[in-house]
Structure formats: structure tokens, C-alpha cells
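First, one chain by itself in C-alpha cells, the form predicted on its own.
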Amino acid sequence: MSEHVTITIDDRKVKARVGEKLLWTALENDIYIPHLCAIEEEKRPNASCRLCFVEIEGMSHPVTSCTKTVEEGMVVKTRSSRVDRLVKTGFELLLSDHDLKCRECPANRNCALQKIAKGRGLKLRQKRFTLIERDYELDDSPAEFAFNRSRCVLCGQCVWADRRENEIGVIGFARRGINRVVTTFQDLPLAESICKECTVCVDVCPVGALYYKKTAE
């Protein structure tokens, strides 16, 4: 049995490993699909960022590429009016709850949101949804890094990295809906929690919510 299948993405025929998710096949072949929450090692992606939509021939609605397993002969479009509309809406919803002060952010010019905006021709200043104002307190208790929740996009990359590295779960998601946050047990400052300050969470943060203090100087 072959270990690969052949699929078509944006009129390009590409090889994909059997069982691989469509998103990673596209990215490995330099075909850009916006994404924030996708983790290649995760067996059950949650598709929470709602940015990696594609259209697949034979399917009635766009699907998230991080959850769709490749199949022989699959024909995929990464751009269409329906896909673009969904991605734009998802992106603008994220921005409505994001502290967009790029010049003050350590991730400026190396930010996933800026990359998505550039890749899809989207504006970082959205006017469609009312901005949600938060009063989060900056957690700069660790020696080397800080956590600015007002920049967090709830992608879960830090939670995954922390649990994989430490097998403890220093940080995780708490609360529901619009009040959902990444935090420690009992909302303790990181330095007062069981955090070992290994900084793996900082290294995977795509938007500068977790950042090294030296980069903000």
C-alpha cells in the first residue's frame, strides 16, 4: 500500500503522506493557508481560530484544513469568495479583542496577525465589530519574560508547549465564551505558580502576548 496520495491544491498536484492533515500538506508545499491554533502533533485539532478554511470539490461548505485528512484525488481551493469571507470574518473577530499597538509590541514585524493580514490583503484596523476593552493586569513576575493578556488570541500554542515540556499544566484555559483566558491555577501570577520559567511558552507565542523582557527594552 502506498504511503502517499496525490491531491490538487490551487491547480497544483502535490504528494501528501497518508493520514496527514490538509493544512500541513499545503504549508509543506509553500501554499499559504492562514492559521493560528493549529499544532501538527495534535491528533485532534480544535480549529478554534477559524482561519484555515478551504473549499474541497464535492463538499457543500468550506472546511477547516487543520481537521481535514488528505484523500487520494482530493481537489482543493484555498481561495474563493466563501473562503475569503469566512477568513475575513474570523480575522476581524480576533482583532476586535486584541490590543493592536504594534509599535509597542515585541512581536512587531514578526507577528502571525501581520503575516495573515499581508497574505490575505486584510486590514489590521477593522471597523466592523465593536472593540472589546479589557483591563488585564500585566504579569511581569517571571525574571525573564512577561505575559500581556490583552494581546492573547487564545490560540493555545503556549498551553500545548507547556504541557508537552513540563507534563504538569502550569497554564491552561479558564472560563468560557468572551471571558475565556489563558491563566494559571487560581489566577496566580506566573512566578507564584508552579511555573519553572523554562520559557517554552514564550518561544511558541505567535503574537507577542508572551515575550522576553529584553526584547521590549
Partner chain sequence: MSDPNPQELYSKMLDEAKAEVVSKEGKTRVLVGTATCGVSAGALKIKEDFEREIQEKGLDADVVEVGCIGHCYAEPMAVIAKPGFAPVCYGYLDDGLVHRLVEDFLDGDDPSYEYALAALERNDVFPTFEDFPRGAYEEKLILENCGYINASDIKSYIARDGYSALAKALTGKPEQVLDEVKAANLRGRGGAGFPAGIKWEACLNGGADEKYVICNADEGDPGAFMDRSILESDPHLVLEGMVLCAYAIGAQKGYLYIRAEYPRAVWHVQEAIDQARDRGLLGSSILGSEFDFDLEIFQGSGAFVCGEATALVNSMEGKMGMPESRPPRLASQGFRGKPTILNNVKTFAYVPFIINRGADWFKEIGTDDSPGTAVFSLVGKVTNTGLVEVPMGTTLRQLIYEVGDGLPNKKEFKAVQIGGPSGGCLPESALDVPIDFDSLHDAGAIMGSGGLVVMDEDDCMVAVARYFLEFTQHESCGKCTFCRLGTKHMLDILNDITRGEGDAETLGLLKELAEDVRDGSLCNLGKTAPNPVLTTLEYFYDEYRAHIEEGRCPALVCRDLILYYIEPPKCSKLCNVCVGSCPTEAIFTREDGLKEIDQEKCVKCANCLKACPPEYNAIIKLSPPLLPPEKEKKAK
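Just so you know, these numbers come straight off a predicted model, no measurement behind them. Positions refer to the first chain, counted from 1.
The following text describes the form predicted in complex with its partner chain, which does not appear among the structures shown.
With its partner chain left out of view, the stretch that reaches within 4.5 Å of it through heavy atoms in the predicted bound form is, among 72-80, 143-151, 94-102, 112-120, 94-102.
Each of 45, 86 and 89 comes within 4.5 Å of its partner chain in the predicted bound form, counting any heavy atom. The closest heavy atom approach of residue 173 to its partner chain in the predicted bound form falls within 4.5 Å. At least one heavy atom of residue 67 is located within 4.5 Å of its partner chain in the predicted bound form.
Contact check for residue 128: a heavy atom falls within 4.5 Å of its partner chain in the predicted bound form. At the 4.5 Å threshold, heavy atoms of residue 49 reach its partner chain in the predicted bound form.
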